[in-house]
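The chain below stands alone and is given as structure tokens, in the form predicted on its own.
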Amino acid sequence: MARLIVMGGGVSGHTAATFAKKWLGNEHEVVVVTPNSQWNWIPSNIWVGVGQMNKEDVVFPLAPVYEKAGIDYRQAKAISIHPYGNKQSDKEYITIEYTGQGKEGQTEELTYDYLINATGPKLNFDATPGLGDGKGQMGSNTVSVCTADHAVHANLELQQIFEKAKKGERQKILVGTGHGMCTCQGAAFEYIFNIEHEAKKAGVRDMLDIKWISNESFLGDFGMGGLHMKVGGYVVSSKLFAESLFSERDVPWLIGAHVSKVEKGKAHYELLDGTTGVEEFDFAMLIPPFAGVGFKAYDKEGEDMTDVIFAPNGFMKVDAKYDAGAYENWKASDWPRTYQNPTFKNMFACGIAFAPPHLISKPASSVNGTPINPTPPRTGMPSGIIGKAVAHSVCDMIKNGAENAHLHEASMAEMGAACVASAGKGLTTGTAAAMTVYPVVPDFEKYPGTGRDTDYTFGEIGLAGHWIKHILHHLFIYKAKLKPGWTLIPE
């Protein structure tokens, strides 16, 4: 009997673990190690953050689902990887520390035959002084929608802002990225327009100054270098698409900005041209940068070998080309295909946990040398697709032997993705931008000029997009709960 350990129970890890268990059956063991007791459909956190959903609408307990699936669930965080075993045994293992199940603080060694790292990111609030509390957690100066609990807190703060506005007190709202190297502009993009939408419904829009701040060099970059897409039969840039939306909603923007420090009511920033400034606010939601969760790896003698498995940013090395060098040398083929670790063939990474070879957007730095550019998005649909492909590879290795197995591929440079970005919730008043992009990582050799196939890259905004997003909310939670027919729902 082989044992597969999946570290992480988010979109990618949950997908990998549940498919692996379905394909392996009871002949082999699947273990999920995650510090969370609940699964969170993160895309809907923005609706919790404006009071249009409750926390209970976006989470559910993991234990019953894994028990039904026959998956060994450990509510714990992985601390270290020992791919050579130790002096007592050659058997590979990880060390975990329990965060629940009545074993809080206890550590345990779990041996594995195959390992999938799907831990997602560490929310690196402390990368920006004042954005974090100095202890790795969100500080008190701003709010976040990165977790369900964060979103609940964000809504409570937002409602106070609305109440002040109703009393005639003009309020300043700032939403965007909280560091020059952030990703996940999409979540902030959705949140700012949901705030704007709710402000109109509450009758306080004219008392709010709502502003966008981002590390993008242009609106609509989204960490993908922007895109050209068909809208109403015409090919337009995401820059024009985004600028139109911001202008229509009367939301000014400040881009190419690195938030260098946050104080109560103040965000200090540096722009690409080297100038600095301060944005004052009464309410701010600034997305933190992401980092690896901070695993350590040790050899048989107990010596640190973390840099063998992980990149300096803490994400796991996979079959990518990490030495491409300057931007002019970058190619779509640099991106990983199988997500197998090059040193340890029984180790894979998926979702945000894998180290990208380089940025997707063109790199940029201020005249002072401060990097200000979005890092690559690896969330949502790509995370699910990659998690399923990795699970398929591991299952083939277990069933057919590592030497004979076919490794399944899911390169982001050959992958299409769909995104539905909410711009306000409501059965008849909601809007969302529904977009498809193919491929996610542009291939300028195959598609000169735009890097993407405009026949499969298109977008529309309207009420239909909102309905789609609302349907997807229920569909993916249904899938994650392993309800009848769950495997038929695409990633």
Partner chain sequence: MAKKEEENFAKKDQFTLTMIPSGFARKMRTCVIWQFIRFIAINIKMLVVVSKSH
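Residue numbers count along the first chain shown, from 1. In this text the structure is predicted, and so the values were computed from the model without any measurement.
Absent from the display: the form predicted together with its partner chain. The rest refers to it.
- Although the partner is absent here, F241 sits close enough that one of its heavy atoms falls within 4.5 Å of its partner chain in the predicted bound form.
- In the predicted bound form, its partner chain lies farther than 4.5 Å from every heavy atom of F60.
- Shown alone here, P64 lies farther than 4.5 Å from its partner chain in the predicted bound form, counting heavy atoms only.
- Under a 4.5 angstroms non-hydrogen atom cutoff, its partner chain in the predicted bound form has W467 among its neighbouring residues.
- Looking at 435 to 443, 46 to 54, 32 to 40, 66 to 74, the stretch with residues near its partner chain in the predicted bound form, meaning non-hydrogen atoms within 4.5 angstroms, turns out to be 435 to 443.
- For a residue to qualify, one of its non-hydrogen atoms must sit within 4.5 Å of its partner chain in the predicted bound form; all three of V251, I461 and P490 qualify.
- Proximity to its partner chain in the predicted bound form, defined as a heavy atom within 4.5 Å, singles out one entry of Y84, F344, F246, Y98, which is F246.
- The contact residue chosen from G186, G132, G416, P376 relative to its partner chain in the predicted bound form is G416, the criterion being a non-hydrogen atom within 4.5 angstroms.
- If you take 439 to 456 and check each residue for a heavy atom within 4.5 Å of its partner chain in the predicted bound form, you get D453, D455, Y456, in sequence order.
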